[in-house]
Structures are given as C-alpha cells and as structure tokens.
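Coming up is one lone chain in structure tokens, specifically the form predicted on its own.
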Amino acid sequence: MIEQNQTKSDKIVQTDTFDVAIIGAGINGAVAAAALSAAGQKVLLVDKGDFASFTSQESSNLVWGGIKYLQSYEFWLVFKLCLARNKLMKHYPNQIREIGFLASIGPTAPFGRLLGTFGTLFYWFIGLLGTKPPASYSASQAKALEPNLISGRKAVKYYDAELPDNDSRFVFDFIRLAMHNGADVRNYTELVDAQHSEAGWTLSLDGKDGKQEVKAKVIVNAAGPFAKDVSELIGSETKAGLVFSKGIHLILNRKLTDSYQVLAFWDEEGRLFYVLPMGDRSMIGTTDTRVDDPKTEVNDEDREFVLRQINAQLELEVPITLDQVVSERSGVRPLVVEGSDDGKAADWHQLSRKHVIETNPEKKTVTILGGKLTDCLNVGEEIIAEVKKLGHNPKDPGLWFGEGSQVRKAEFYGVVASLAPQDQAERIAEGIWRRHGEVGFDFLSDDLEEIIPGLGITENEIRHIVRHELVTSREDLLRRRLPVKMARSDKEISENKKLDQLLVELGLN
C-alpha cells in the first residue's frame, strides 16, 4: 500500500498510477475493490466519508432472496438473489447466519394462510432448497411458538439469513480483503476533480492527509445514491437513474422475542415490517417513504409510525414507547429507474433492489447503480467482466471472497473458554471469531472479559481494530467496525468509564 503523508498540506502530491480507481466504499465499491485486486489489478478505493458510512450502514442487516418480489412476479430476480444468498451463507458461515421469519397473517396481510403456505414453499423451491423448509401454523400453534403474537392469527415461517453484527462490519471484510491483495484504500478522501485524456484519468483527491493527485486507467463509480453526482463530475452520464426510498429502524432496550428469529408483519399500508435481532436487543422497522434527498434522518412522524405498527401487531404486557428506543437508523434505498433520471415512476413502491451496471468505453468508466448487500458477489464478478471489456486483462481471481479456513474454530473456542468468565465465554468466542477468524488468536489474553457487557467485545479486540482497521473516530469504531452504537444508547456508552478511558488512551476523543 502507498504510504500516506503524515501531516495535511495544501501541496498537491502525485503519488501513483492505478489500473482502477473506485469512487465510493459502500458494499458495491468494497466488493469491486476486493474482486479487482484479487484479479491482479492495481486498485485505489476512496470514500469521502468512512467505509460504509452512508447507505451501507443503514440496512435491515438481512441477506435475503426478496420474497416480496414474488408479488410483482419478478421470479428471475428472486432466483438470482436466492442463489446469491445461498453462496454468501456457504462462504460466510459465521458472519451470515440462517434465520427463520415467522410471518403473522393479520388483516393487513395481502394473503391468507393457504396462499402464504404456497408462496413460502415456492420461495423455498425457487431458492433451490438452500434453507430449511418453510412451515405453516394454525392460530394456536403460532401463539405457542411466539407468545407475543396476537391471538387468533395464523402464521407461516420461511428462512433467509441475517448479519449477527452489522452491515458495515460485513462491508469492511471486503475492504480488508482488498488491502490484503495490495489495494490502496482511503477513507475520508474526496474526489474533487477528474480530467480525462488519451493517457487515462488524472484525479484530484482531498483527504485527511492532504491533497493528492493520482492517475488511473479506469474509474468505477460506486458512489451509491451519489452516483449521479460522480457521473457529472467525471462527465460520464448514465442512461438509468435513481429514486430514493427512505427507511428507518428503531432499536429498543428490550428483546421482543426469546427465540432467534425474525417476526414479520404487514404494516397498515400493506408493506413488510419486521422485528429483528440486534445483539441482545430488538430492532423494529422499516418505513418506505419517497424522498428526493439521500441525506435523511429519523423524524417524529417516522417514530410514531413505527411504534404504532409494532404495538398493533403484538400482544405485549408493556407496550413499546419512545423511551425504550436506544438508537435509530435512517437511510435510503437507491432504486433504479431504467431509461430515465427524473425518478417520476408512478409505481415506485414496486421498484426492486436490482442493480444496473453501465460502461462507457470512450471514457473508460463503469457505473454501478442500485443493488443490495445480498447481490454483492455478483457485482464483484460483473465488475471484473466490465473492466475486461475496456481492454484490461484481469487474471482469474479464484475464490476471492469468504471467511477462509474454519479448521481452528473449535480450538479457538476452547482457548476462550479457558480464559474468559463462564457466562461470557461463548459470546466472546463467537464475536471475535466471526469478526476476525484465526487472527483472533493474536489478541487473546489472560484478562479476557467483556468491556461492554452482553456484546462479547473485549478491550484487546478494540485495540486490534483501532490499530489495523483505519479507525479515525469513535463513530468509526463503535458504529461501523463494531455494532456498539446500535445496541447501546449514548447514555449507556458514556457511563462505561472503562471503555471511555480506553478510547481516550487510543486517541479517540
């Protein structure tokens, strides 16, 4: 990796020439960097914020085949997403975990038990039986299975997968792979100008280490909801456009189910609505609101809507109120509108999370529009193919993704069990192995205990992350490299004096 300047300066320094410069380090940019660097390309990846600090940190943490797209008859898309889900589950057995979705069929559901049973069976078959088989329950069976469901409502259960940590942590795994393959990755680095000539691109960057000028043969625009802005900057417009759907989630200070499962409902507008696991707590959402600006935040209307939906769908002894919310998430889904950039789609609620890749041979640019985390491996492989079309010759990357060997997993769990308090050992072992694999052996110690009770995170893991994972701020660490700020309130974090002292020691004030 190219050494960066130690102090920020206005002096422009030309550092190197790259085969491919990728703009945007969300899930699309991260997988593109991992795939291309594994294929032998000299890669630069930059993001004006932290890695996965925008759209890719605001998802529902789900890896799913898109069962709702069956209602709009997008069978080919569902098939592709299910295959992508199956591949991710196979190659990320710790970071991605199969989970059941118990769907309560109430008056807002678009179908009854019979059609729901058929739909989940079809979903299982179209996914080539890649998960556990679905099930159907009478009202009494559903209530026995999940006591908080409303009495008298039947249910069906199907299976997809979820991220036990968080979406941005998963994105960073691809960043880490790209770094391992020699990619130069830079967060808090903005593309401010781009000039194209027969020799390629000259890019002006402004980052935390000052201004730099680099050269690249190809640009990959992976700026997510800001892809149009980057397209305008580099003078490479796309045929397809984007519309934005705002979705918010609220994380509660309580668990709404004792079982490891997702509770699925349909809100008052007939859209899917979930109770999802978030560490040792529950996350509820989401909304689906058309917005023009990708920069969003949770407002009072959002909160009231989500709380109204969840209280209407569960029989709780203690209703959910705003004072039980410990954190909030708000982001946009960039939805592709092909052949138009004005976003005036009459049925925009029906737009799917498919992705479109457009290549400009004259300018040597590739733009990724739309997409979702589930489809990320396909994006990486398609980007390699597009770069080949531009006259480059990437080598076969082989198996460029995945967690790697699981041979020492049992040994690791055994070592942790011998070092950690009995009531913490399993959480600590699962968390460290999931996030670091065999590297976790390097930072085990005799005083192995949770620094944040209930989350399986230790002091030495935090030290390792700050040292090796390009952390600049507390937000980088606690929100994106670790899921602390999603499962704990700001007040709970501030009252953790041991954590605060550690972060001050590490220079994260």
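Computed from a predicted model, the values in this text were never measured in an experiment. Start at 1 and count along the sequence shown; that's the residue number.
Form predicted together with a small molecule: not shown, discussed below.
- Checked against the small molecule in the predicted bound form, the residues I452, L477, V46, I67 give one hit for a heavy atom within 4.5 Å, which is V46.
- A single residue from the set E297, E190, E213, D423 has any heavy atom within 4.5 angstroms of the small molecule in the predicted bound form; that residue is E190.
- Considering the small molecule in the predicted bound form, the lone stretch of 464 to 472, 24 to 32, 479 to 487, 441 to 449 in range is 24 to 32 [heavy atom distance within 4.5 Å].
- At least one heavy atom of S56 is located within 4.5 Å of the small molecule in the predicted bound form.
- In the predicted bound form, no heavy atom of S168 sits within 4.5 Å of the small molecule.
- Looking at F226, you'd find a heavy atom of it within 4.5 angstroms of the small molecule in the predicted bound form.
- Contact check for G247: a heavy atom falls within 4.5 Å of the small molecule in the predicted bound form.
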